[in-house]
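Next up is one chain by itself, shown in structure tokens, the form predicted on its own.
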């Protein structure tokens, strides 16, 4: 049955594990299949067309394994490739959810002074999807945006506390002091650095898009009647495009346990970046 298929989650690398962790916490009965495109990380510095092409290739791999829903845990892919992915997956009836909209909705609910900031990779900030959605959904809102690319390296190296992350956070976030009362963590790595970010911006509400995403996934599964009915224990599996050992080492920092089993796969980018002519092939129900 389609309901027994896993939820597919993909990211350009490892950061999307924060989304997987949040979904597993909210939906402990669901099986999950994660794909990290670790051979081509980061997406944040790629062009829009390249991100779309890579995303279609990664999504195709997940569809071939058999999934009932696709969660785009990568902020950059959600910025540039979400519509192309939805067009490609629509003929198979696979819903596609991006990580940006849930974070935007939660930030709008949280802000008291009407000033929200977004922090993320260069690609996410340059793509401006967070900024556009905030202004569309709450006209008159004030929006600030700051790229914090070094946060990714700090998270993956496990430098989460101490002088170095505090100095980096203070340098990046200084322009946001005495401004926004709500900050969207617009990169899936950033929740690991909540401590340093909070110290740089005391009193500011931090919106974790991973947790907001999990709430939306739960709601959509219920609405579409796709919740897993099986009483058998769920399975969580991982696919990577490079170095399973590094994925296991770094991924354990995101999950507080070893990600396993991990399978190495080859993902060929789709030739078209438009998505209109792509037909995914799915094995299974």
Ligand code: DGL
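Just so you know, these numbers come straight off a predicted model, no measurement behind them. Residue numbers count along the first chain shown, from 1.
What follows is about the form predicted together with the named molecule, which we do not show.
Q: Could you tell me which of 226-234, 34-42, 53-61, 254-262 sits within 4.5 Å of the named molecule in the predicted complex, going by non-hydrogen atoms?
A: Of the options given, it is 34-42.
Q: Examine residue 155 and determine whether its closest non-hydrogen atom to the named molecule in the predicted complex is within 4.5 angstroms.
A: So residue 155 does not count as contacting the named molecule.
Q: If you check in the predicted complex, is residue 74 within 4.5 Å of the named molecule, heavy atoms only?
A: Heavy-atom contact with the named molecule at 4.5 Å: present for residue 74.
Q: For residue 189, is any heavy atom within 4.5 Å of the named molecule in the predicted complex, or not?
A: It does: once the named molecule is placed as it appears in the predicted complex, residue 189 has a heavy atom within 4.5 Å of it.
Q: Pull the contact list for 1-20: residues with a heavy atom within 4.5 Å of the named molecule in the predicted complex, in sequence order.
A: Result: 11, 12.
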